[in-house]
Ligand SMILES: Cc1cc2nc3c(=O)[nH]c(=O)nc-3n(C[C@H](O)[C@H](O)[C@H](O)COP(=O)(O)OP(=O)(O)OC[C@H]3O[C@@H](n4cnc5c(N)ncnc54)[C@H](O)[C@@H]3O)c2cc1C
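As a starting point, one isolated chain is supplied in structure tokens, in the form predicted on its own.
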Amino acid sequence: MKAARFDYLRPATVAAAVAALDEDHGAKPVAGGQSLGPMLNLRLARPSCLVDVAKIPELRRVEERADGVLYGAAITHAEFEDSAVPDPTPGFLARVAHGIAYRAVRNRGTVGGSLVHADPAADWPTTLTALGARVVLVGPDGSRELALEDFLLGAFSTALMEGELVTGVFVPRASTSARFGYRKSCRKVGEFAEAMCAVLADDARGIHRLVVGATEGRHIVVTEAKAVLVDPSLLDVRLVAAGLDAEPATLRLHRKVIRQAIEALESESLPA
């Protein structure tokens, strides 16, 4: 199939993009188009206008701060993979990016697009939530910032308001001794995960977070996860509450992936 008819705009600034989105609530922003493109061709999405934000300078910026790094929403997966942008963690972001789909997808797909699409089986929503990331949004009424777990409301559902645009994501700086475990289960390389889990253990900062993705709903976020790292079965109640008990095989798969992610904290040596 071919996409339904739509208008196309390529604003030069965030302000112009927000104005276009606010004026036409049927408009959609697009950057890499790795999720929206197929949806257009299948006519699962029929925007009245595409607002191309890929080249807006503000969405391509990278700002290092003492407590972390702010990435423009149009930074690509490949730029993380290739360490073309600074990493406030001991190599975690490059490791995650390398496992996203295929290189052709990573060359064009963007971190902001992945977060806005909010597929619970995608890599960035789960891993960046575990790292304590925050999204920056700009709309007609100004800018605001949300913790990622508050931004992601459920499967393909976010707290994005009419006329708003995600302009960046802030990733806190981890200590050099921080440990990170990430595992996902896919039928084959490049496919979205059937189960996934990301774990951050940063003893120096007193942070222990665990996030379960690919739940077909809202991510399961444990912000005080120290006990769970010792006894993963403590998560069973939350897994059942997420509806995974309806399919025993799915529940078993998630349990396995959670244990693998926790084990990875100890088994994987961190990049120098």
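The structure displayed is predicted, hence computed values, not measured ones. One-based numbering along the sequence shown.
Keep in mind that the form predicted in complex with this ligand is missing from the display, and what follows is about it.
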**Report entry** Heavy atom contact within 4.5 Å of this ligand in the model of the complex, the stretch among 79-87, 188-196, 172-180, 142-150
**Finding:** 188-196
Report task. Indicate whether the candidate residues Ile100, Thr110 and Leu165 are all in contact with this ligand in the model of the complex, with contact defined as any heavy atom within 4.5 Å. Result -> yes
Query raised in the report: Does at least one non-hydrogen atom of Gly68 fall within 4.5 angstroms of this ligand in the model of the complex?
Result: no
Report task. Report yes if any heavy atom of Gly33 sits within 4.5 Å of a heavy atom of this ligand in the model of the complex; otherwise report no. Result -> yes
Requested in this report: Using a 4.5 Å heavy atom cut-off, state whether Val53 contacts this ligand in the model of the complex.
Outcome: yes
Query raised in the report: Within a 4.5 Å heavy atom cut-off, is Ala133 in contact with this ligand in the model of the complex?
Result: no
Query raised in the report: Tell me, which of Leu59, Ala225, Val221, Leu235 has a heavy atom within 4.5 angstroms of this ligand in the model of the complex?
Result: Leu59
